[in-house]
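Before any questions on how it binds or moves, here is one chain, the form predicted on its own, in structure tokens.
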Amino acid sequence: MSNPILTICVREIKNTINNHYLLGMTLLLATLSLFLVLLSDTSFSGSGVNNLSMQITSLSSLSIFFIPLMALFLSYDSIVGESEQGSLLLMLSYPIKRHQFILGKFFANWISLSIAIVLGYCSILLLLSFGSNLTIKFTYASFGLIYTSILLGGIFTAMALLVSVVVVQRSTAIIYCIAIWLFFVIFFDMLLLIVLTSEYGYIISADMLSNILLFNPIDMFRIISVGDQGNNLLPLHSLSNVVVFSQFILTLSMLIWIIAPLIYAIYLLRGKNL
């Protein structure tokens, strides 16, 4: 018998392709990224700001806002949707263990999202190469951005699967996923900024702030993906000075953010009464 994880993974990827989700995500990323690159190349050419910094920062912002959304959209009903349709019990009646079912779903959605990220961002490199606007530095920075964007997609895919295991209705899963997106993308840094600019901001030292940022995968992604390219932009430069962890530690932390929700989702599904 073939590997159950691989079987589920292939089936889900085919469904993603047949439902045009993969095509839609790829076109969305390619269109928006091309627009942002061309806009930063023209709007800031005479502003004294390095074009490479603006381009990578713009693409990082695109990843921050849209990749978590796409990951949550792909995976929010992976388990609860199957349960509502009655197909979850049918699937588990086959010689498939519950952890294999979750892993198959996870890898399928993560791979689909990763393909969209690679195709979307690499299409920009291809288009820029025709106009002789492609530089080695931008290519190198873009590959780094693609890598960290894939990690970011894996984090929110794992979170969505955890939500899908916890809830009992699709509508509830949507609400939870929207709340997760709002918290990590918008509210976390907003609340942190409020505390830092208040009269109690002195309580949070630089080392403590560096540790706090590890609790938000969005901040880790921003620091890793922008890196030295953001040194010409004051907010990013200030943030990079605060963070004392190496790129390796930050990348390892992002991997932990993928593994931890996934393990907890497997644990909950194993004990869940279907």
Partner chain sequence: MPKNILINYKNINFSYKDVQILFDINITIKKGESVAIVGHNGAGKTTLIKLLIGVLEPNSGTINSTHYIQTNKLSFMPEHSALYGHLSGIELMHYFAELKGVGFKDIDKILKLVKIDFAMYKKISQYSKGMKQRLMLAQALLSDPEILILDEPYSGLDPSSRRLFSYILQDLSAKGKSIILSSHTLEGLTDIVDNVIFMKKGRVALSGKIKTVIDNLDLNDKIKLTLDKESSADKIIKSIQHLITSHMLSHNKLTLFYKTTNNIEILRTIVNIASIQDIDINKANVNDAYYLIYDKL
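Numbering follows the first chain given and starts at 1. The structure displayed is predicted, hence computed values, not measured ones.
Unshown form predicted together with its partner chain; subsequent notes refer to it.
Novice: Classify Tyr94 as contacting or not contacting its partner chain in the predicted complex by the rule of any non-hydrogen atom within 4.5 angstroms, answering yes or no.
Specialist: Because a heavy atom of Tyr94 falls inside 4.5 Å of its partner chain in the predicted complex, the answer is yes.
Novice: Please check if Gly86 has a heavy atom lying within 4.5 Å of any heavy atom of its partner chain in the predicted complex.
Specialist: Yes - in the predicted complex, heavy atoms of Gly86 and its partner chain come within 4.5 Å of each other.
Novice: So, in the predicted complex, is Ile186 in contact with its partner chain at a 4.5 angstroms heavy atom limit?
Specialist: Result no; Ile186 lies far from its partner chain in the predicted complex.
Novice: Quick one: does Ile203 come within 4.5 Å of its partner chain in the predicted complex, counting heavy atoms only?
Specialist: Answer no; every heavy atom of Ile203 is more than 4.5 Å from its partner chain in the predicted complex.
Novice: Answer with one of Ile178, Leu90, Leu193, Leu126: the residue that has a non-hydrogen atom within 4.5 Å of its partner chain in the predicted complex.
Specialist: When its partner chain is considered in the predicted complex, the option within 4.5 Å is Leu90.
Novice: Have a look at 116-124, 137-145, 154-162, 77-85 and name the one stretch with heavy atoms inside 4.5 Å of its partner chain in the predicted complex.
Specialist: Comparing against its partner chain in the predicted complex, the contact stretch is 77-85.
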